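Just the one chain here, the form predicted on its own, laid out as structure tokens.
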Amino acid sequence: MNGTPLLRVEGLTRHFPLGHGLFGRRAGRVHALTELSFTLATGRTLALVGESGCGKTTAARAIAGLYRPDAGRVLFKGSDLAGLPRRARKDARRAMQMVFQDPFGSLNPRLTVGAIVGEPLVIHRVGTRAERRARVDDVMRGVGLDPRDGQRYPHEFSGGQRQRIAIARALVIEPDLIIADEPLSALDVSIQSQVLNLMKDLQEARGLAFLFITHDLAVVDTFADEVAVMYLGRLVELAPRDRLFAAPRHPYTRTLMAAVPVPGRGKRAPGSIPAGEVPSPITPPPGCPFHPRCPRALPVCRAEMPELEDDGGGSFVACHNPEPPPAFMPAGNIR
């Protein structure tokens, strides 16, 4: 097990069939996720970023076992989850918990907060009733909630408090990995920083690994160790956070960077957003999916899908004509 990543995703693919058309023929399928591969080490954070509809949530749910992939493997602590016996798979799922985007929709409104947080302990038959109650109280304190509020219901709490409840529910079973799917997007900006700081503190104290799904690059810059950029269901760039922000190689990554507002100056590079719309995932273009909007597109981009390749400097990029690397790469973030 020494040197084995906590999570390894290999060629994960998930397409959704559409309804049937004339004469019962299938109308097509949505190419939500295609050949996603990456690794995540214990105690580290990988941010999966991209525009809405790029496949981030599909990836999160497929990794968590909520969707059955069409192809590919998810290996957790070196074991292929799909090939494990039922009991072993349940134990693995216990060590991998998920925090959903909507902090209210993911909480059962008919259960008290104490019952919601303690539900994983009941499902996995952990401890006696008294021991479960003590653990629930302890984890609620750990996320900044009063254990006495365990008798209240989700609708009695603010959005930020509800997300803390969701995090407490994920933590109570003492997982090794938390998959957080846009956990801040439904919260006010002032609350986002509180929840983000909470997650950072919990990671440091417990050695948690995070797969952090987001479209907000400002959040990525403060929380992630590595960043994986997705476009139209495919991984187009994977790099350490500082390197990606200092010198993005893929034209789409540069597009995302250009859209990040800078205080006092608006966007980073006004006018740099490429023309056109994101292609339909039902009929993705041939070759590189970004070529219809790419300012660096070559004829080969329209015909051949680029492979995700190591650029020799610690980054992986899927592009036939990537941005050239800088002559000198400084240590740390230069922004």
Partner chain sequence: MTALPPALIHVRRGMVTLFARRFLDHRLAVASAVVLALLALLAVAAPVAEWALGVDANAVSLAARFLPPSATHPLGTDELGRDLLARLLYGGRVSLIVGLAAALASAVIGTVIGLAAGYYGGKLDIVLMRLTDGVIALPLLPLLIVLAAVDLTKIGLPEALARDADVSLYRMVAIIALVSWTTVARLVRGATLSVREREFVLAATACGAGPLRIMTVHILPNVVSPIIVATTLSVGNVILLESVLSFLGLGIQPPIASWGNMLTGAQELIWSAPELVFWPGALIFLTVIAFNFLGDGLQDALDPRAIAR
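None of the values given here were measured: they were computed from a predicted structure. Numbering follows the first chain given and starts at 1.
Only in words, not in the display: the form predicted together with the partner chain, which the text now covers.
Checked against the partner chain in the model of the complex, the residues Ala71, Val122, Ala134, Ala82 give one hit for a heavy atom within 4.5 Å, which is Val122. For the residues His215, Arg241, Lys77, Arg93, the 4.5 Å heavy atom test against the partner chain in the model of the complex is passed only by Arg93. The shortest heavy atom separation between Asp102 and the partner chain in the model of the complex is within 4.5 Å. The partner chain in the model of the complex comes within 4.5 Å of a heavy atom belonging to Ser106. The partner chain is not drawn, but in the model of the complex it has no heavy atom within 4.5 Å of Arg206. Put simply, Arg249 is far from the partner chain in the model of the complex: not one heavy atom of it is within 4.5 Å. The stretch from 94-102, 186-194, 135-143, 224-232 that comes within 4.5 Å of the partner chain in the model of the complex, counting heavy atoms only, is 94-102. Taking the partner chain as positioned in the model of the complex, the only residue of 168-207 that brings a heavy atom within 4.5 Å of it is Arg169.
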